[in-house]
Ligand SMILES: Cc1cc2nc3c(=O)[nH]c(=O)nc-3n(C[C@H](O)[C@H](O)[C@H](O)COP(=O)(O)OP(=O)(O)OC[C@H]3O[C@@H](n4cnc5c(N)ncnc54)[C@H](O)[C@@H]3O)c2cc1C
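Shown next as structure tokens: one chain only, the form predicted alone.
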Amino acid sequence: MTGGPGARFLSDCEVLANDEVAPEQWRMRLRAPSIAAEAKPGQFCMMLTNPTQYPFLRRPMCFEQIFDQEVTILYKVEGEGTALMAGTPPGQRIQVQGPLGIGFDTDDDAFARHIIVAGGIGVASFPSLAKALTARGVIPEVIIAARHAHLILCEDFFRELGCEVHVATDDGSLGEQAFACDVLTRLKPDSDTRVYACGPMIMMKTTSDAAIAAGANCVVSLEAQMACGDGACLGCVVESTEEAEGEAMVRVCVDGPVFDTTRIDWAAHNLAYAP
């Protein structure tokens, strides 16, 4: 995995565009030269959604795409902070801290095959990864899964990169009616395959189970509520299979957000699909 401690910036970034791309799903484009120069696929930033005192905490957002001078943020409106983001017009400035965290390893030549598994808004982690892989001649396969057709995002982007894209929806409204893990199993990954997953915890667990059962390597990008993004508040800890200083926990903000799946104690989350 790449990223981790390095250059970090607190920048007032100009909003270049902020558009609703699907119901409750938005894409913000920011001019952020310093951040863009250092950011790696899989890393994230902390965004101050309102220059006033409320909401007080910044919101963690992964980098969807990384350009020479700009970055894009693909986000879902779920609360007051993201609702404020959606109401931010082009030309306004927004304070951004980043890049933060440990991202994907895009230079590892140990695997001949790469499969991206995206669930819902978890797809936001993957356009920058897919671009980085294809830039070195590795074309990933992509599984995009969501509950409904209108929640399937970035399909055209991946196809334009040359990726083979598999779409699955819970209700069969687009692609096939299946879960992401079922599609992954059908693609028959093996020991020469690296699987990348981001989405709801249950989706990542079942994807991880399918990858491990096939002998594939699997890394996951976790999402968590964060107060600081620097590892100080311990608000984003998740149960781990590894113990450090007497605690079997990892911090998503600084130990991740990208983890080898074997480091996560999935059983501790008591996850199950709703009937």
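Keep in mind that what you see is a predicted model, and the values were worked out from it rather than measured. Numbering starts at 1 and follows the sequence shown.
Heads up, the form predicted together with this ligand isn't pictured, but that's what we're talking about next.
Which one, 131-139, 107-115, 73-81, 173-181, holds residues whose non-hydrogen atoms are within 4.5 Å of this ligand in the predicted bound form?
That would be stretch 73-81.
Pick from Ala36, Met61, Met28, Val238: which has a non-hydrogen atom within 4.5 Å of this ligand in the predicted bound form?
None of the others qualify; the residue that does is Met61.
Among the candidate residues Met204, Ala145, Val195, Ala124, which is the single one with a non-hydrogen atom no more than 4.5 Å from this ligand in the predicted bound form?
Comparing distances to this ligand in the predicted bound form, the residue within 4.5 Å is Ala124.
Ala214 versus this ligand, in the predicted bound form: is there a non-hydrogen atom within 4.5 Å?
No, no contact at 4.5 Å.
Taking heavy atoms only, is Met249 within 4.5 angstroms of this ligand in the predicted bound form?
Contact with this ligand, no.
Is Met226 close enough to this ligand in the predicted bound form to count, meaning some heavy atom within 4.5 Å?
Contact with this ligand, yes.
Classify Leu222 as contacting or not contacting this ligand in the predicted bound form by the rule of any non-hydrogen atom within 4.5 angstroms, answering yes or no.
Answer yes; at least one heavy atom of Leu222 falls within 4.5 Å of this ligand in the predicted bound form.
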